[in-house]
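One chain is shown next in C-alpha coordinates, namely the form predicted on its own.
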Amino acid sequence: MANDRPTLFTGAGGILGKWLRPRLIETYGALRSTDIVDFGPALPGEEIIIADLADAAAVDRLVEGAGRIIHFGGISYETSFDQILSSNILGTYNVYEAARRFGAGPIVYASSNHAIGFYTRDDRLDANVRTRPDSLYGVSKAFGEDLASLYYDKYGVESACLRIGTARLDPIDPRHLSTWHSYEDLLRLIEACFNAPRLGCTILYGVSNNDRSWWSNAAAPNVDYRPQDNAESFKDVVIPDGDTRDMEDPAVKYQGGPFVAADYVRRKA
(Lines give C-alpha, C1' and ligand atoms only; values in the text may rest on other atoms or scores of the structure.)
Protein backbone atom coordinates (compact mmCIF):
# COMPACT_ATOMS: atom_id res chain seq x y z
CA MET A 1 0.00 0.00 0.00
CA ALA A 2 2.96 2.33 0.62
CA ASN A 3 3.62 2.29 -3.13
CA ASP A 4 0.31 4.08 -3.74
CA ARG A 5 0.99 6.88 -1.26
CA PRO A 6 3.54 9.70 -1.20
CA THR A 7 6.77 9.10 0.68
CA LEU A 8 7.17 11.41 3.68
CA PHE A 9 10.66 12.84 4.15
CA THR A 10 11.29 14.78 7.37
CA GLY A 11 14.40 16.94 7.72
CA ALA A 12 14.35 17.58 3.98
CA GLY A 13 15.76 21.12 4.16
CA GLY A 14 19.38 20.36 5.03
CA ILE A 15 22.37 19.73 2.78
CA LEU A 16 21.80 15.99 2.81
CA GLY A 17 18.06 16.42 2.34
CA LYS A 18 18.55 18.61 -0.71
CA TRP A 19 20.81 15.96 -2.24
CA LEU A 20 18.38 13.13 -1.50
CA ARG A 21 15.11 14.76 -2.55
CA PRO A 22 15.39 14.49 -6.36
CA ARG A 23 16.75 10.97 -6.07
CA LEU A 24 13.92 9.88 -3.79
CA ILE A 25 11.40 11.31 -6.27
CA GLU A 26 13.10 9.40 -9.09
CA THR A 27 12.93 6.16 -7.11
CA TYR A 28 9.59 6.41 -5.31
CA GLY A 29 7.53 9.04 -7.13
CA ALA A 30 5.50 11.52 -5.12
CA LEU A 31 7.44 12.99 -2.20
CA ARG A 32 6.05 14.95 0.75
CA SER A 33 9.01 16.89 2.14
CA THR A 34 9.06 18.79 5.40
CA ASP A 35 11.34 20.84 7.62
CA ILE A 36 10.87 23.46 10.31
CA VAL A 37 12.07 26.33 8.09
CA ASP A 38 11.40 27.26 4.48
CA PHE A 39 13.84 25.49 2.16
CA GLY A 40 12.86 26.75 -1.26
CA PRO A 41 10.54 25.75 -4.08
CA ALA A 42 9.19 22.27 -4.55
CA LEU A 43 10.68 19.97 -7.16
CA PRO A 44 8.45 18.34 -9.78
CA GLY A 45 6.57 15.57 -7.99
CA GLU A 46 7.17 17.10 -4.56
CA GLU A 47 4.88 18.66 -1.97
CA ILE A 48 6.57 20.84 0.65
CA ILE A 49 5.04 21.38 4.08
CA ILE A 50 6.75 23.54 6.70
CA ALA A 51 6.09 22.00 10.12
CA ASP A 52 7.48 21.63 13.63
CA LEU A 53 7.69 17.92 14.49
CA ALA A 54 7.06 18.78 18.15
CA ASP A 55 3.55 19.86 17.11
CA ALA A 56 1.49 16.65 17.17
CA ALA A 57 -1.35 18.13 15.12
CA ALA A 58 1.10 19.27 12.42
CA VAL A 59 2.69 15.82 12.32
CA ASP A 60 -0.74 14.24 11.93
CA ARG A 61 -1.26 16.36 8.82
CA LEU A 62 2.13 15.28 7.48
CA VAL A 63 1.60 11.56 8.06
CA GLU A 64 -2.05 11.20 7.09
CA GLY A 65 -2.17 9.67 3.62
CA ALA A 66 1.59 8.98 3.50
CA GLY A 67 3.18 5.61 2.87
CA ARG A 68 6.89 5.17 3.45
CA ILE A 69 8.47 7.51 5.99
CA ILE A 70 12.10 8.63 5.96
CA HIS A 71 12.49 10.33 9.33
CA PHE A 72 15.64 12.44 9.24
CA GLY A 73 14.12 15.46 11.00
CA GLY A 74 15.59 16.85 14.23
CA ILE A 75 18.72 18.40 15.68
CA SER A 76 21.94 16.73 14.55
CA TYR A 77 24.36 18.20 17.10
CA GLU A 78 24.80 18.53 20.85
CA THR A 79 22.79 21.31 22.46
CA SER A 80 20.58 21.92 25.47
CA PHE A 81 18.31 19.14 26.66
CA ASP A 82 15.22 21.32 26.18
CA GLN A 83 15.96 21.68 22.47
CA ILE A 84 16.80 18.00 22.05
CA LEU A 85 13.68 17.00 23.97
CA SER A 86 11.42 19.02 21.71
CA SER A 87 13.03 18.23 18.37
CA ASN A 88 14.44 14.72 18.67
CA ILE A 89 12.45 13.02 21.40
CA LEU A 90 8.97 14.53 21.20
CA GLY A 91 9.26 14.94 17.42
CA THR A 92 10.19 11.29 16.91
CA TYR A 93 7.41 10.13 19.21
CA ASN A 94 4.90 12.20 17.23
CA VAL A 95 6.05 10.64 13.95
CA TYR A 96 5.75 7.08 15.27
CA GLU A 97 2.43 7.68 16.95
CA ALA A 98 0.96 9.24 13.82
CA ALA A 99 2.32 6.38 11.71
CA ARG A 100 0.57 3.92 14.02
CA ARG A 101 -2.76 5.72 13.89
CA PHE A 102 -2.74 6.40 10.14
CA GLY A 103 -1.26 3.08 9.03
CA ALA A 104 1.84 4.67 7.48
CA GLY A 105 5.26 3.09 7.09
CA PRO A 106 7.62 1.38 7.04
CA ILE A 107 9.90 3.95 8.63
CA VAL A 108 13.58 4.53 7.96
CA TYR A 109 14.78 6.39 11.05
CA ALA A 110 18.03 8.34 11.14
CA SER A 111 19.67 7.20 14.33
CA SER A 112 23.36 7.97 14.79
CA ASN A 113 26.74 6.50 15.64
CA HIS A 114 26.53 8.76 18.69
CA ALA A 115 24.09 6.27 20.21
CA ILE A 116 27.13 3.96 20.58
CA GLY A 117 29.87 6.59 20.78
CA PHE A 118 31.47 5.42 24.04
CA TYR A 119 32.82 2.24 22.53
CA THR A 120 36.53 2.54 21.78
CA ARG A 121 38.11 2.47 18.37
CA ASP A 122 39.39 -1.03 19.23
CA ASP A 123 35.83 -2.36 19.59
CA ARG A 124 34.08 -3.99 16.64
CA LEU A 125 30.32 -3.63 16.79
CA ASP A 126 27.25 -5.20 15.28
CA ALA A 127 23.59 -4.51 15.91
CA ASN A 128 23.51 -6.65 19.06
CA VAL A 129 25.61 -4.34 21.24
CA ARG A 130 23.88 -2.19 23.85
CA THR A 131 23.74 1.53 23.29
CA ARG A 132 26.45 3.69 24.90
CA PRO A 133 25.53 7.26 23.99
CA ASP A 134 28.21 9.92 24.07
CA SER A 135 25.98 12.99 24.44
CA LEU A 136 22.42 14.11 25.04
CA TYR A 137 22.07 14.01 21.28
CA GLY A 138 23.18 10.37 21.37
CA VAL A 139 20.67 9.68 24.16
CA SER A 140 17.90 11.03 21.93
CA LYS A 141 18.93 8.63 19.17
CA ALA A 142 19.01 5.68 21.57
CA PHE A 143 15.51 6.72 22.64
CA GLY A 144 14.40 6.66 19.01
CA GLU A 145 15.74 3.12 18.58
CA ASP A 146 13.87 1.96 21.69
CA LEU A 147 10.71 3.71 20.50
CA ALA A 148 10.99 1.95 17.13
CA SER A 149 11.34 -1.37 18.97
CA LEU A 150 8.23 -0.69 21.05
CA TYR A 151 6.14 0.36 18.07
CA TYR A 152 7.12 -2.78 16.15
CA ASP A 153 6.60 -5.23 19.03
CA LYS A 154 3.33 -3.69 20.20
CA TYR A 155 1.81 -2.21 17.04
CA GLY A 156 3.59 -3.81 14.08
CA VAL A 157 5.10 -0.56 12.74
CA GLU A 158 8.20 -1.69 10.86
CA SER A 159 11.41 0.32 11.06
CA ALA A 160 15.04 0.42 10.11
CA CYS A 161 17.16 2.42 12.56
CA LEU A 162 20.26 3.68 10.78
CA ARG A 163 23.24 4.39 13.01
CA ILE A 164 24.66 6.83 10.51
CA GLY A 165 28.38 7.51 10.69
CA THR A 166 29.69 10.60 8.88
CA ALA A 167 27.44 11.35 5.91
CA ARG A 168 29.24 13.80 3.63
CA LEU A 169 30.53 14.03 0.09
CA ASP A 170 34.15 13.21 1.00
CA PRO A 171 36.00 12.28 4.21
CA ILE A 172 38.18 15.10 5.52
CA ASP A 173 39.26 13.89 8.99
CA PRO A 174 41.19 10.77 10.11
CA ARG A 175 38.13 9.55 12.03
CA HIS A 176 36.15 9.62 8.79
CA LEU A 177 38.31 6.80 7.41
CA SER A 178 36.28 4.60 9.74
CA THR A 179 32.93 6.40 9.85
CA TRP A 180 32.40 7.83 6.37
CA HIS A 181 29.07 7.20 4.67
CA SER A 182 28.95 8.52 1.14
CA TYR A 183 25.71 10.09 -0.04
CA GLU A 184 25.40 7.41 -2.72
CA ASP A 185 25.78 4.61 -0.17
CA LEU A 186 23.24 6.26 2.14
CA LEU A 187 20.75 6.24 -0.72
CA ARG A 188 21.60 2.59 -1.38
CA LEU A 189 20.94 1.83 2.28
CA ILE A 190 17.56 3.56 2.26
CA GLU A 191 16.57 1.67 -0.88
CA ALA A 192 17.76 -1.64 0.60
CA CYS A 193 15.60 -1.06 3.67
CA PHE A 194 12.47 -0.44 1.65
CA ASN A 195 13.27 -3.42 -0.60
CA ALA A 196 13.64 -5.81 2.32
CA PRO A 197 10.97 -8.53 2.28
CA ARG A 198 10.73 -8.25 6.06
CA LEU A 199 12.03 -5.22 7.91
CA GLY A 200 10.68 -5.77 11.43
CA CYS A 201 12.73 -3.51 13.65
CA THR A 202 16.25 -3.65 12.26
CA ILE A 203 19.33 -1.75 13.40
CA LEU A 204 21.89 -1.02 10.71
CA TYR A 205 25.11 0.95 10.59
CA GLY A 206 25.13 3.75 8.05
CA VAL A 207 28.66 3.37 6.77
CA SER A 208 30.40 2.84 3.46
CA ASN A 209 32.60 -0.13 2.63
CA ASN A 210 35.54 1.35 4.54
CA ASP A 211 38.63 -0.75 5.21
CA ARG A 212 38.86 0.77 8.69
CA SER A 213 35.19 0.52 9.65
CA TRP A 214 34.35 -0.39 13.26
CA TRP A 215 30.86 -1.60 12.37
CA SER A 216 29.27 -4.68 10.82
CA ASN A 217 25.76 -5.22 9.47
CA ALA A 218 26.10 -9.01 9.60
CA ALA A 219 23.37 -9.16 12.27
CA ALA A 220 20.86 -7.72 9.79
CA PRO A 221 20.89 -10.19 6.87
CA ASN A 222 17.29 -9.33 5.99
CA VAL A 223 18.49 -6.04 4.45
CA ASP A 224 20.60 -6.52 1.34
CA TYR A 225 22.79 -3.43 1.68
CA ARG A 226 25.86 -3.43 -0.54
CA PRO A 227 27.94 -0.26 -0.07
CA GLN A 228 30.26 0.56 -2.94
CA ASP A 229 32.43 3.43 -1.68
CA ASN A 230 35.51 3.22 0.52
CA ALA A 231 37.09 6.04 2.53
CA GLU A 232 40.50 4.43 2.07
CA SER A 233 40.68 5.99 -1.37
CA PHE A 234 41.05 9.36 0.43
CA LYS A 235 43.77 8.17 2.83
CA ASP A 236 46.63 10.08 1.21
CA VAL A 237 44.66 13.32 1.40
CA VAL A 238 43.31 12.85 4.92
CA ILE A 239 46.50 11.53 6.57
CA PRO A 240 49.36 12.30 4.15
CA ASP A 241 51.94 11.79 6.92
CA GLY A 242 50.22 8.86 8.61
CA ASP A 243 47.99 8.96 11.66
CA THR A 244 49.88 11.06 14.21
CA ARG A 245 46.99 11.65 16.64
CA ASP A 246 47.21 11.03 20.40
CA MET A 247 45.35 7.72 20.75
CA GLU A 248 44.50 8.50 24.40
CA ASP A 249 42.73 11.72 23.49
CA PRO A 250 39.04 10.89 24.11
CA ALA A 251 38.17 12.40 20.73
CA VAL A 252 40.41 9.74 19.19
CA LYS A 253 40.08 6.86 21.64
CA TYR A 254 36.28 6.65 21.47
CA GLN A 255 34.17 6.09 18.40
CA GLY A 256 32.01 9.16 19.05
CA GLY A 257 34.99 11.44 18.51
CA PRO A 258 34.40 15.11 19.41
CA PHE A 259 30.98 14.32 20.91
CA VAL A 260 32.79 12.29 23.58
CA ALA A 261 35.47 14.89 24.15
CA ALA A 262 33.05 17.73 24.89
CA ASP A 263 32.88 18.15 28.71
CA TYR A 264 34.66 14.81 29.15
CA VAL A 265 36.00 14.09 32.64
CA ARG A 266 38.83 11.57 32.40
CA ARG A 267 38.15 8.62 34.66
CA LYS A 268 40.89 7.58 37.09
CA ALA A 269 42.23 4.06 36.82
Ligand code: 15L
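Don't overthink the numbering: it's just position in the shown sequence, from 1. Here the structure is a predicted model, which is why all the values come from computation and not from measurement.
Form predicted together with the named molecule: not shown, discussed below.
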Legend entry - Partner-facing stretch of 85-93, 187-195, 148-156, 110-118, counted where any non-hydrogen atom is within 4.5 angstroms of the named molecule in the predicted bound form: 110-118
Inset, instruction - Only one of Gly165, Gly105, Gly144, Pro171 comes within 4.5 Å of the named molecule in the predicted bound form by heavy atoms, so just point that one out. - result: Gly165
Legend entry - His71, heavy atom within 4.5 angstroms of the named molecule in the predicted bound form: no
Inset, instruction - Would you check, heavy atoms only and a 4.5 Å threshold, whether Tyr254 touches the named molecule in the predicted bound form? - result: no
Inset, instruction - With heavy atoms only and a cut-off of 4.5 Å, decide whether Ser178 touches the named molecule in the predicted bound form. - result: no
Inset, instruction - Answer for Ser76 alone: is it within 4.5 Å of the named molecule in the predicted bound form, judged on heavy atom distances? - result: yes
Legend entry - Neighbours of the named molecule in the predicted bound form among 128-144 [non-hydrogen atom within 4.5 angstroms]: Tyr137
